[in-house]
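Presented below, as structure tokens, is a lone chain in the form predicted alone.
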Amino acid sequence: MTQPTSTRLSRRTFNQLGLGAALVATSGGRSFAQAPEIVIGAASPLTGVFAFAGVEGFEGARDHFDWVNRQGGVAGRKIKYIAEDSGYRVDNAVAIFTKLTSQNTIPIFFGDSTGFQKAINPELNRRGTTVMAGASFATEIDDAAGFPNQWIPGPNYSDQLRVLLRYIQAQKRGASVVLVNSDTEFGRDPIVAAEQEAARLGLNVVEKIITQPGSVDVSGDVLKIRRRNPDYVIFHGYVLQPIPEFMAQARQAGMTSKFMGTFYSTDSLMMSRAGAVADGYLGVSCYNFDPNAPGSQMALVREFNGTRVRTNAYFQGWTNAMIAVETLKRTIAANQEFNAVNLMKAARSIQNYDTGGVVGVPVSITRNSIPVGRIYEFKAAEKRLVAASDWMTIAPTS
């Protein structure tokens, strides 16, 4: 994976990305001079291989904070949102965190990756001043004892696999399943949990395949899948490639297996790039992709974006911002200072919370995550994801 060397975006680059106005709107400060601002920082992959998700996540949070500021802020205090480009590099993200927190009092910081959120965790715990959310759904971070100062804006990767497997079990008892995971920490994360859940549900994991992420030769692995002829193939640990290549070669071989994937490969724009071969692909997300979904927050998403189709990363940023605002509100309402203990107490008090339609059922922060998911099916002719299941909540002990 090629990594960019720059840790900062030039003004020209920001303008090219359409972010220049956003930075002025959220960090200019002139319109917020009358009240003490609440500064929220972020290290985001605004350039590099994950820029497509970083920019969408940044804009989702920015839009929600802008709306909150238009309503008067949090208890009269405006949000000042400062994001800098990490290029999806842990050292860059750590440098941004250190710089921004040395220049500002930052109660909440958004990270860009599992690697950064794990690397910075001891420092978060040592400081006791700042809590973190971000782009990671790592099962390890969903541990309130090991990661007491972080939350995840959705189900962890193991719970995402549980949602997929429970959908399979509801469709066909005793179905056969092949797991295809990238050879990364991200990819290997839910394998054990998936095997345990499959066994509990009476499903048969007939093959496990580990590949490199990205564009790789998958012909040998497709042959393995063909020999097993499974009912379902589940991908995890990829953004898009090599999933389309797997599906294309499997279809050419006459296979009828259904293909599934987790959050980062469940996106209408990416599936549209894959084209007709992705028709019928089933993915899990905790966000609402119905463009006409009811709810106050979904109405705001439409207000900000019109008919523009937003990715799951946009909703992830929006959800992180929404939880951050609710956490700040509850901490202020309890007349408590902003520190990690008080902020996480407030965050974990979010139970049966109405997200205004962003998630289609009331949500609760359980451990560090929101263990809710839904299956979507990609319709290639319509270039969109449509709901294929109801919302499913994974109990903490399951």
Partner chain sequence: MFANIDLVDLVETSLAGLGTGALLALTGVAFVIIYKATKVINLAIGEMLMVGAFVFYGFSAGLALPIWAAIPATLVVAALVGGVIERLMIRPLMKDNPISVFMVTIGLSSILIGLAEIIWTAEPRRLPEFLPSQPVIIGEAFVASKTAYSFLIAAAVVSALITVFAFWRGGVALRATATDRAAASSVGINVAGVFSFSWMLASVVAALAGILVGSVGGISSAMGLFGLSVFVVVILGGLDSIAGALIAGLFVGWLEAMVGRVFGGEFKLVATFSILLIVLTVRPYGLFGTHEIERL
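Keep in mind that what you see is a predicted model, and the values were worked out from it rather than measured. Positions refer to the first chain, counted from 1.
Another form exists, predicted together with the partner chain; not displayed. Remarks below refer to it.
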Inset, instruction - Give a yes or no on whether every one of D290, A293 and G356 sits within 4.5 angstroms of the partner chain in the predicted complex by heavy atom. - result: no
Inset, instruction - Give a yes or no for R188: in the predicted complex, does one of its heavy atoms lie within 4.5 Å of a heavy atom belonging to the partner chain? - result: yes
Inset, instruction - Find out whether any non-hydrogen atom of P244 is located within 4.5 angstroms of the partner chain in the predicted complex, and reply yes or no. - result: yes
Inset, instruction - Tell me, yes or no, whether G76 is in contact with the partner chain in the predicted complex, where a contact means a heavy atom of each within 4.5 Å. - result: no
Legend entry - Partner contact for D217 in the predicted complex: the partner chain, 4.5 angstroms, heavy atom: yes
Inset, instruction - Answer with one of A199, A170, L223, A145: the residue that has a non-hydrogen atom within 4.5 Å of the partner chain in the predicted complex. - result: L223
Legend entry - Heavy atom within 4.5 Å of the partner chain in the predicted complex - residue from N104, T129, N204, Q212: Q212
Inset, instruction - Within 4.5 Å of the partner chain in the predicted complex, counting heavy atoms only, one of 334-342, 359-367, 62-70, 48-56 shows up; tell me which. - result: 48-56
